[in-house]
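Below, in structure tokens: the form predicted alone, a single chain.
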Amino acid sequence: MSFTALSALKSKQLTDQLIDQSVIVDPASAKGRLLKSAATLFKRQGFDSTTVRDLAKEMGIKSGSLFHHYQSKQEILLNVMHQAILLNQARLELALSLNENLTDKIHALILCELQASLLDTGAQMTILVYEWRCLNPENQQKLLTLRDNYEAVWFEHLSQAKTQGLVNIDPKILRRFLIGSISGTIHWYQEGGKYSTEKLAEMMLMMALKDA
């Protein structure tokens, strides 16, 4: 294989570009810091158990000041998820563009999602998986197209792998298995431990594809 991982430098350049284009919020801005703090609290305590007072305390501001940025806790949750999908969709597409053959592209998909779940956007991705039910129906609908587009990228490549005989099982089932494996790493993975995210991605690729 000639797999090319998305480098930290390219990822940062992409993030800066998205900020400049107002696609995502600058994480260093007041809004960005609020969303990051909210994601951390929602992951730790759960959305329902996190109060506006908790959010304000985490930010070191008065509760009323939160509403200068977002009208409600529900809107904060929506934007945590929205930002995570937009950023990681862009990273996914860039990583795919760096690789040519199908096996390497699936490797890129796995590694990108692992790193999104375990590194800088880990809290946000955890919220996407475990707190989706806390979005009201209107806000779920706002995110469904983005989420479906993200999943469509996976399905396209896993379907090609099935057609080429690289996998034996239904691509939709394989994607479910991979979602479970990747999201489950948040419960046991230790950064700086025995296995890097790169090594874990290689292992998952070997489990997903024949002769990988």
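So that the term is clear: the rigid core is the largest set of C-alpha atoms that superpose within 1.5 Å between two forms. Note that this is a predicted model, so its numbers are computed, not measured. So that there is no doubt, residue numbering starts at 1 and follows the sequence shown.
Heads up, the form predicted together with the DNA isn't pictured, but that's what we're talking about next.
Distance criterion of 4.5 Å from any heavy atom to the DNA in the predicted bound form singles out 52 from the list 52, 173, 28, 152. When you look in the predicted bound form, the only residue of 184, 64, 165, 46 with a non-hydrogen atom within 4.5 Å of the DNA is 64.
By the criterion of a heavy atom within 4.5 Å, residue 82 is excluded from the residues contacting the DNA in the predicted bound form. Not displayed here, the DNA is kept clear of residue 57 by more than 4.5 Å at the level of heavy atoms in the predicted bound form. Although the partner is absent here, residue 72 lies within 4.5 Å of the DNA in the predicted bound form, judged by heavy atoms. Stretch 64-72 is the answer when you ask which of 174-182, 64-72, 157-165, 144-152 has residues with heavy atoms within 4.5 Å of the DNA in the predicted bound form. Residues in 123-158 all lack a heavy atom within 4.5 Å of the DNA in the predicted bound form. Core-superposed comparison between the shown form and the other one: the C-alpha position of residue 184 differs by less than 2 Å.
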